[in-house]
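Shown below, as structure tokens, is a lone chain in the form predicted alone; questions about how it binds or moves come after it.
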Amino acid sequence: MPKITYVEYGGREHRVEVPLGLSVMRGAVDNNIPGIDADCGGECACATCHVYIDQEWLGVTGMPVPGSQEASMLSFAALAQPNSRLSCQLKVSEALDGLVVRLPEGQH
């Protein structure tokens, strides 16, 4: 099972196993990771599962497609950066084993 590391804004790390096919957001919610609110439940409708992807992982995760629902939602996210993604849009695969995501200071 792939392991994902979630890093809270203050630096605390949570390394958890996330089943294949779930979203990175669901992995956080199911493991009670603080800092991912997921208000819409993963429907790409709120941007409260916003994360920063570590630079070395951007080639694997890719970036939101310009004009996509995810890109639109990120425009509303607090503190969005060039490496921002919505964790509900990242499906866990073997390729994401070892992924590191960092949480913003806040989700609203």
Partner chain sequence: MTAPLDAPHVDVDSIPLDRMDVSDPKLYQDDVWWPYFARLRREAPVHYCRQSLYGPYWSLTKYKDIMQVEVNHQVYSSASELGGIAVEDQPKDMDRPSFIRMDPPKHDEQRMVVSPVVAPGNLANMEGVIRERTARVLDGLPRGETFDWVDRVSVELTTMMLATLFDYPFEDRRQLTYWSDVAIANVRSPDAPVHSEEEKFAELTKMTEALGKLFNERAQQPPKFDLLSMLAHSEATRNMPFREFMGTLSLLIVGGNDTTRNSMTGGLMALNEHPSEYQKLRDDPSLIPSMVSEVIRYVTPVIHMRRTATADGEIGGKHVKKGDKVVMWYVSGNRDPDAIEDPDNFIIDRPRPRQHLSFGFGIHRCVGNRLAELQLRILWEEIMQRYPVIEVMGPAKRVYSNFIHGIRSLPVRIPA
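Quantities reported herein were computed from a predicted structural model and do not represent experimental measurements. Residue numbers count along the first chain shown, from 1.
Not on display, but discussed next: the form predicted in complex with its partner chain.
Each of 38, 76 and 105 is positioned with at least one heavy atom within 4.5 Å of its partner chain in the predicted bound form. Residue-level contacts in the predicted bound form: of 55, 81, 32, 69, one residue has a heavy atom within 4.5 Å of its partner chain, and it is 69. In the predicted bound form, at least one heavy atom of residue 46 sits within 4.5 Å of its partner chain.
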